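Heads up, the chain below is alone and in the form predicted alone; it's given as structure tokens.
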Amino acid sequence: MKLTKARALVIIAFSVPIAIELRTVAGFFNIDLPLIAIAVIEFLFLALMFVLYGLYGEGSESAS
């Protein structure tokens, strides 16, 4: 399955509210996540998405 620009944007759009609500879910388990931790997690996820899009995106030759 090729990672198109539209698919990457949808995944990124879904990741933002999930990252925001991650603090709430962690609160259910009495884990206090600071906002900077969530920002770092989201930044790492977005960096991973850019790397995956670069490797398997529309313009790459390696994906089938």
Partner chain sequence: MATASGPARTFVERFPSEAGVIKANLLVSFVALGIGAFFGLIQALHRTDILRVIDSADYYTMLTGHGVLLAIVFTIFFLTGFFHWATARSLDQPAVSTLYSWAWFGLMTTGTVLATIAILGGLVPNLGISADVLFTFYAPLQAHPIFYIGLAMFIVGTWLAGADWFLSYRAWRSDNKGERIPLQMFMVLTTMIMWYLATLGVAVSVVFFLIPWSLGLIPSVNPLLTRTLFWYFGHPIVYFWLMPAYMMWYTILPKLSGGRLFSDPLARVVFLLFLLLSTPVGIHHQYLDPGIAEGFKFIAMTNTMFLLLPSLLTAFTAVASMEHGARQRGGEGYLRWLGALPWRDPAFTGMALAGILFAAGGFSGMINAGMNINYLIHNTLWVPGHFHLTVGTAVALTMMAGSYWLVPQLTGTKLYSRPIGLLQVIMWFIGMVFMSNAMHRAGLAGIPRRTAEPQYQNFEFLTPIGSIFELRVQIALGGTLLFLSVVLFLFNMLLTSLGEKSDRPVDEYLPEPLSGPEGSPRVLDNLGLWTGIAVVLVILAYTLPLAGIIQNGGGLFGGGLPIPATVSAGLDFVTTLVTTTVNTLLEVAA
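Numbering follows the first chain given and starts at 1. Every value quoted in this text rests on a predicted model; they were computed, and no experiment measured them.
From this point on, the text means the form predicted in complex with the partner chain, which you will not see here.
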Touches the partner chain in the predicted complex: residue 54 (any heavy atom, 4.5 Å)
no
Can any non-hydrogen atom of residue 9 be found within 4.5 angstroms of the partner chain in the predicted complex?
yes
Taking the partner chain as it sits in the predicted complex, is residue 13 in contact with it (heavy atom to heavy atom, 4.5 Å or less)?
yes
Classify residue 48 as contacting or not contacting the partner chain in the predicted complex by the rule of any non-hydrogen atom within 4.5 angstroms, answering yes or no.
no
May I ask you to list the residues of 16 to 44 that have any heavy atom within 4.5 angstroms of the partner chain in the predicted complex, in sequence order?
16, 17, 20, 21, 23, 24, 35
